[in-house]
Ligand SMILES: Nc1ncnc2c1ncn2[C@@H]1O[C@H](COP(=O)(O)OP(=O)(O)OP(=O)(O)O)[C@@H](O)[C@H]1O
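A lone chain, given as structure tokens: the form predicted on its own.
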């Protein structure tokens, strides 16, 4: 059965997109079938996968914005739901890209019936039956798009930067999680807290200790360290897991943990 995982944190710069991309490819290397979904209007995951060109424009292929608009009848739905899926040859992974039109989601979903469930209606069995994992890269916000991601997901992974202000926003994110779990998606759970941008400093060490104290049962054993390799990887549109790098190996280790936690 397909497992749907949202990578979420309202705080930006914590490594959500890097985690979504490299965890997805790492799972592929474990012979898992994976679909990535970019649910961020900034479309960083789409750019990472090579969907957006150097001049900032995308081709005419449909995106997650088109898919969600079709759900509420504002644009014509494609005949085949799988036509929304692209494939990255370099990374050997399927994905549904995003674009800037997704920034208007709060507006165009405002009058939609059951607007928190639009994404769930779109990710039908017909679309996800071919995959073991669907990974959603969420935007840094607590709005309607995050609600949609939580409603359709089985679990959440929360990347937390091991730097100052690491805990900013976690309380509000947890409040949204509890609301969704109690009203719309009782099966939803937090799979784990993932420390990212870890350094060999006293600040990083203290943050890891505090995370361990607060979330000992949820904290991943894997730590994702800070490295310029992450930026280089996005420029090449190629996952860290496909080259020899410390970060690539860390994401491969994370993939094993995820498989164990979803077994």
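This is a predicted model, so every value here is computed, not measured. Numbering follows the first chain given and starts at 1.
What follows is about the form predicted together with the named molecule, which we do not show.
- With the named molecule left out of view, the stretch that reaches within 4.5 Å of it through heavy atoms in the model of the complex is, among 23-31, 200-208, 65-73, 231-239, 231-239.
- At a distance threshold of 4.5 angstroms between non-hydrogen atoms, residue 224 is in contact with the named molecule in the model of the complex.
- The closest heavy atom approach of residue 255 to the named molecule in the model of the complex falls outside 4.5 Å.
- Interface residue remark: residue 248 is not counted as part of the site for the named molecule in the model of the complex, having no heavy atom within 4.5 Å.
- In the model of the complex, no heavy atom of residue 169 sits within 4.5 Å of the named molecule.
- Contacts between 1-32 and the named molecule, taken as any heavy atom within 4.5 Å in the model of the complex, involve 11, 12, 13, 14, 15, 16, 17, 18.
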